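Only one chain is given next, in structure tokens, and it is the form predicted on its own.
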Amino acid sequence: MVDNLGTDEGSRILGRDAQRNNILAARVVAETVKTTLGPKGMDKMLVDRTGNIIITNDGVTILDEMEIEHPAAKMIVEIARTQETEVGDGTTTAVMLAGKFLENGEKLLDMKIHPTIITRGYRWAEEQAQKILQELAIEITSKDELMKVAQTAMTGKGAEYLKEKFGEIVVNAVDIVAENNQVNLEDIRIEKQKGQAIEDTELIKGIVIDKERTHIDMPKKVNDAKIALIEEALEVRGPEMEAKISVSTPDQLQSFLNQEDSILKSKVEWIKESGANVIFVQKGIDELVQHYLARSGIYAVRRVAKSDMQNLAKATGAKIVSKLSEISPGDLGYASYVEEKKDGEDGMTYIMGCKNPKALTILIRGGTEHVIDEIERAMKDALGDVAATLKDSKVVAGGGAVEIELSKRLKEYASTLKGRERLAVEEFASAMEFIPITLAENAGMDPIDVLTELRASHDAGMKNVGLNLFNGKIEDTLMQGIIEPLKIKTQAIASASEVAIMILRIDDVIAAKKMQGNSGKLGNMQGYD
């Protein structure tokens, strides 16, 4: 290994040193998140330079917040991001598998097996694993099974004692916004409110916006709400460039002010004529307009984010109006009521009783920001899992059951091969056992005893036997409702094997010009001082 890689043009690491260096960096990342796996996994406290704290066991959050400079380590982090984007869960599994594939690949490199042979064997193993997963997957048909998927996703994230309630919230939310089994998770907003207990978290069949009404004299609640969504600013626009207005008499000044007043009044009149009694404005609202709106009993909210405007349109059926002078009754949306509610100092606007809402809000409550943030991460994982399951309707047994069965069948497949690739397939197969071994370790169980018992059960044909960490038993996890979407496993194995193959093929690390001056925070552990 070479110190100070990146300080001199032409610094490089060659051959086995390059491979060892990259594999070590990737394994350090995998080891970091290893202890967070499963319902009994531990949490990490992440503290940044300004003292902000995040407490979580969500793999992608941990890796995103860590300062990582080593190029191979960054590739491992990219797997987590891909897994999060594609499925929304399984990031820790993907990263751990990549680390284990590389660790086992290093054993083969030490046996003088060429990287090309190892990577070919890994490709064959990955293709075979995908076929086996399709065979092991089962179709789900009921809402109860989706609830089990959601509950499995939330275990170990500070939400398991309320997993039944949260599972119901998640499944109901997905069920309402789904169209042809496709779910756009952006249609499910998550709002957080400090105060009250976690148990008070609720699904709101409407939209909650973290905004208050703009004027104290506006009604706090509007029943039978006819809602206008306005992009245009309700204020007089200043000139584009610097301008001077010459006023020589008091009458001219008064005329100028009256004209401004008239423009603002006409904006309010257009709103009143449309029949709207609630308006959401993407830009600002002049104080005089606020006054006129309040006198007319119209509830107004200003500076609403574009994403919120789009969700409001989906939920209420309103059309977003760009030009206020052309607003018509047909542009308005409907909600049975709109109300401002205050919890402590902060107020929120509730848009409730929408006729056919295609956008919803999950309102998470809790005592501290750290608790609320972790519940939010658990909810997002569960939403991703349920959405992925709904898409292809297939699940596999959880608790390490599917990994043990994969390992067993891949070893059987390896026995049919004759070349050195057979060794690579065997190492790929043994890497799959890393998941149940880690689940057992994190739960304080003896991993060797657990692995022996799991192998014996699967050899006897019990393909769905895994770890039920809630009672510490080895049993049929499919029957116990510990299930995971097929998509999590297929994506994790595909991503992990791809990056392992890529890293194993690197035999030369050269400091390019744009890398000069990198200090390498994580790299210091790997000789990148």
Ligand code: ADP
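Heads up: residue numbers just count along the shown sequence, starting at 1. Here the structure is a predicted model, which is why all the values come from computation and not from measurement.
Keep in mind the form predicted together with this ligand is missing from the figure; the text below concerns it.
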The single option of Leu486, Ile493, Ile62, Ile482 touching this ligand in the predicted bound form, heavy atom within 4.5 Å: Ile482
4.5 angstroms heavy atom contact with this ligand in the predicted bound form for Thr56: no
Proximity of Leu467 to this ligand in the predicted bound form, heavy atoms at 4.5 Å: yes
Non-hydrogen atom contact Thr155 with this ligand in the predicted bound form at 4.5 angstroms: yes
Touches this ligand in the predicted bound form: Leu37 (any heavy atom, 4.5 Å): yes
Contact segment among 43 to 51, 457 to 465, 29 to 37, 493 to 501, judged by heavy atoms lying within 4.5 Å of this ligand in the predicted bound form: 29 to 37
This ligand in the predicted bound form - contacting residues of 78 to 107, heavy atom within 4.5 Å: Asp89, Gly90, Thr91, Thr92, Thr93
